[in-house]
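So this first bit is one chain, no partners, the form predicted on its own, shown in structure tokens.
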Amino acid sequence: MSDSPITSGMTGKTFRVGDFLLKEWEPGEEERIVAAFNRVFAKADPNFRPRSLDFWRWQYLDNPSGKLLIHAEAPDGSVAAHHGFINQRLLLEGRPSLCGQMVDSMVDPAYRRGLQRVSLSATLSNSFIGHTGGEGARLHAFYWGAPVPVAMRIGKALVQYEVVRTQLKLSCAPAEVRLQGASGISVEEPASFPEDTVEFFRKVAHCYKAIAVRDQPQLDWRFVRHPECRFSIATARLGGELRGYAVYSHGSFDGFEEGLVCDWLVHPDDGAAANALWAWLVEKARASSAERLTAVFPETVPDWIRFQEAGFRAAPTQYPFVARTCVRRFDPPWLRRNWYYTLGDTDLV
């Protein structure tokens, strides 16, 4: 068996590393992948809840930003390892780009020593990122994630994870949110995102050098068609013009059951829309008996300060946000300064 990182046998979407065939997903393979995923994680975690095919298909195959999946097959055709990335369309300095969120990584214990001197998991990640990362319309500027401690140790050692930031959260009891005037703003709860979400996103996106695309198909996929979680959507309008939106869910984050601000987009200068949406969030939290409201932002964006001015206070989380850079200028220090994201950009809610 060869221990070369990548052999010259690459053909199309498949290539061999030692005895393993590394390949991108093809239709019909999801059942074997999900079965292997559930088998591996059930052995490692007694509290593991099996992944359903419906969820897997939603997370990867239905994503409007596209698919990003790779697995390793053993000589007998069994799934030896699998890495799932959530594809994300971005605007980077105003230009369309891509990134991939690293969310599902697993190797069957029977194959963890299947390569000499290097791990199958690291080989799978590094080989795939090497072929899909870079600058270009169909390449990925960076890969990122919020790994648990074990994955962080492995990723830092073998997959070149670099820390973007140790993530903080903003939390506040509903009764302590400081609400001010929202003159003329009307708040509605649509069943799905309105068509003018795209136009509104374009107006706000120029405030940030890095932001995931928030158009109607992407937001509906993330928050309306989720097969397991239920989210509430609010839009804020002035004279019919969309001025902001928020997404709420009562769920678990960072070990606590809370009212979660899953997504939020309001122009930094629009205090009235922000106040109207905070009032809506307070009512949703009270209705679901949530003791606290929690949001996640980078500390470098205006909402980090704006939420604190409304009464939210910063607290640590267990999550480091990490990145593997594929375009040099979009390195972790640049992302730390310029990247806008919320909880809804992650797979944590």
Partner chain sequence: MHSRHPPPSRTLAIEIRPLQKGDEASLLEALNAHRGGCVQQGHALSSEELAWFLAHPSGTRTLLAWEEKEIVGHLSAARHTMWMKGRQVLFAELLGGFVAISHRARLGKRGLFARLCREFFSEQGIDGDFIYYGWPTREEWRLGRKLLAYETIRTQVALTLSVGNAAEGLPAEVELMERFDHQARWLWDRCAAKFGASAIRDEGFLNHRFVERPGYDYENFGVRDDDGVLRGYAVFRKGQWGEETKGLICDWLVPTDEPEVGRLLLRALEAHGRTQGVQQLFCLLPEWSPWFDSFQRAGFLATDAERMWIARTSARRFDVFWLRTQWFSTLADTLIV
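Numbering follows the first chain given and starts at 1. Computed from a predicted structure; not experimentally measured.
Absent from the display: the form predicted together with the partner chain. The rest refers to it.
Enquirer: Looking at heavy atoms inside 4.5 Å, which stretch does the partner chain contact in the predicted complex, given the options 44 to 52, 292 to 300, 59 to 67, 28 to 36?
Expert: It is 292 to 300 that comes within 4.5 Å of the partner.
Enquirer: Contact between Glu162 and the partner chain in the predicted complex at 4.5 Å, heavy atoms?
Expert: Judged by the heavy-atom cut-off of 4.5 Å, Glu162 is in contact with the partner chain in the predicted complex.
Enquirer: Evaluate Trp280 for contact with the partner chain in the predicted complex, applying a 4.5 angstroms cut-off between non-hydrogen atoms, and reply yes or no.
Expert: Trp280 lies outside the contact set for the partner chain.
Enquirer: With the cut-off set at 4.5 Å between non-hydrogen atoms, does Pro149 touch the partner chain in the predicted complex?
Expert: Output for Pro149 is yes: heavy atoms within 4.5 Å of the partner chain.
Enquirer: Using heavy atoms and a 4.5 Å limit, would one call Val224 a contact residue for the partner chain in the predicted complex?
Expert: Val224: no, not in contact with the partner chain in the predicted complex.
Enquirer: So in the predicted complex, are Gln308, Asp331 and Arg336 all sitting within 4.5 Å of the partner chain, heavy atoms only?
Expert: Per the other structure, all of Gln308, Asp331 and Arg336 touch the partner chain.
Enquirer: Could you work out which of Thr166, Ser186, Ser78, Ser192 is the residue within 4.5 angstroms of the partner chain in the predicted complex, going by heavy atoms?
Expert: Exactly one residue meets the criterion: Thr166.
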